Ligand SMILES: Nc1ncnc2c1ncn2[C@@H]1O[C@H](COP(=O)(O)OP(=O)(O)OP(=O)(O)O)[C@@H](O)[C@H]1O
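Below you'll find only one chain, the form predicted alone, shown as structure tokens.
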Amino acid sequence: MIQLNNVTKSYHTERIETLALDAVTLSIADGEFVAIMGPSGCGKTTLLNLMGLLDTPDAGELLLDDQSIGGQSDRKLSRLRNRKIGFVFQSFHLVQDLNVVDNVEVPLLYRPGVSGRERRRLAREALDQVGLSSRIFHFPNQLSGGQQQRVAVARAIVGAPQILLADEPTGNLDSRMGDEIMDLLKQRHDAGSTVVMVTHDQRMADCADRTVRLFDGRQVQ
């Protein structure tokens, strides 16, 4: 499903070049659940952003579902991202001016052929899956951190993505709420999605099929 071949990525400021990923080669199979671990600054989030087509490598090759991403236009990458990939971010990234159900509908606004009635139906179904059907008209600032993360999960799964990417999805939550979020990710995996999760928590990583460890931008295990 995801293949990286000798992928390198650097970030530049006026004076400093930071090598985030250094010739990483990694293959993730369709339907696999992979955890990515390593110390802060080792390239975990950069790797996830490349897999999610939010960024492009400086060198090397990235393939998504056997399709090379190199040289494709921003418009085509956006369509691929919207059709195939769901994101769960550590800091939620909910739109504060939209209520819960409208937040969940956002990815479907950019998907051709989905009517307003269908968007609302799918958003309600996703919220029911995460146990928030009674909060659909609340706004993010009226929810707890755990509830906001569940809204973020609902938004990520509303389009039934083939790939679900999660960046420290339990990092800001207590253990009980963290376990609930992990249960939701496992449910999505059981439904057939390929799941890639960045985490610092070994207990959460143990839920995955395997763990990839990074250190200083290189895959070490």
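Values in this document were obtained by computation on a predicted structure and should not be read as measured data. Start at 1 with the first residue shown and count on from there.
This next part talks about the form predicted in complex with the ligand, which is not shown.
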Do residue 20 and the ligand come within 4.5 Å of each other in the model of the complex, heavy atoms counted? yes
>> So, residue 45 and the ligand: in the model of the complex, are they within 4.5 Å at any heavy atom pair?
In response: yes
Please tell me whether any heavy atom belonging to residue 213 falls inside 4.5 Å of a heavy atom of the ligand, as the geometry stands in the model of the complex. no
(Q) Taking the ligand as it sits in the model of the complex, is residue 39 near enough to touch it, meaning that at least one heavy atom pair lies within 4.5 angstroms? (A) yes
Contacts from 155-170 to the ligand in the model of the complex (any heavy atom within 4.5 Å), listed N to C, are 168
